[in-house]
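So this first bit is one chain, no partners, the form predicted alone, shown in structure tokens.
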């Protein structure tokens, strides 16, 4: 698996996938739906799958002396690695905003979602949705990328809208906590997002492996 992952990073990945990791810094932007930063990270990953299609990378990988399931797992390992690096960047921004910048007026007067642990849980949910909808959809054909990505984009837009609206409902204001306020709730929301991301990724990978093994390239 290590060699497959190296191959993904060195040969298959689009440079845009690495550049778009920097969109995790969007968690610094006030007055902006920060969860779109997670979406842009997945957009960068989409470009790698576009390159995969154009270069026939899937066929090349399938001709290597490895199991077909390992081809799928290599793609998932690459995607999860980029998502993990992006998440660490977002987490670093959140820590800064929850400590050094917690009383900054530009953030205190922001009507949109605050960068806190709940927002990090939302970012993990978006990564899980990408893995569940786009990755498993891609491996239906190992070629078509448009339809699964469009479905994913629609779902993400609804998800981001819901997350942005939640803290405006009565009794849910704690979801938009600043600093270390409502820390227990924040941690629970982060753990929930992480759990959903893991479940969706595992289920998606199993489905993608089954689909790809039945696929006649």
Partner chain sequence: MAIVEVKDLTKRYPSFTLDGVSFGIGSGRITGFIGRNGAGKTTTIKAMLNLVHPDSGTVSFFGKPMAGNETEIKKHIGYSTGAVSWYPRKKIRDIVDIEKRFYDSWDLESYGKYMELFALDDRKTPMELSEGMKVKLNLLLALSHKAEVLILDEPTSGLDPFSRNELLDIFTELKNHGVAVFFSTHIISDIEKCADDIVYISKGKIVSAVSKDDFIRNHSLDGESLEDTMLRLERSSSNA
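Only a predicted model underlies this, so the values are computations on that prediction, with no experimental measurement involved. Residue numbers count along the first chain shown, from 1.
FYI, the form predicted together with its partner chain isn't displayed, but the following is about it.
Residues with any non-hydrogen atom within 4.5 angstroms of its partner chain in the model of the complex fall in just one of 65-73, 30-38, 161-169, 186-194: 65-73. Within 4.5 Å of any heavy atom of its partner chain in the model of the complex lies no heavy atom of residue 180. Taking the partner from the other structure, its partner chain in the model of the complex has no heavy atom within 4.5 Å of any heavy atom of residue 153. Of the heavy atoms in residue 157, none are within 4.5 Å of its partner chain in the model of the complex. Under a 4.5 angstroms non-hydrogen atom cutoff, its partner chain in the model of the complex has residue 60 among its neighbouring residues.
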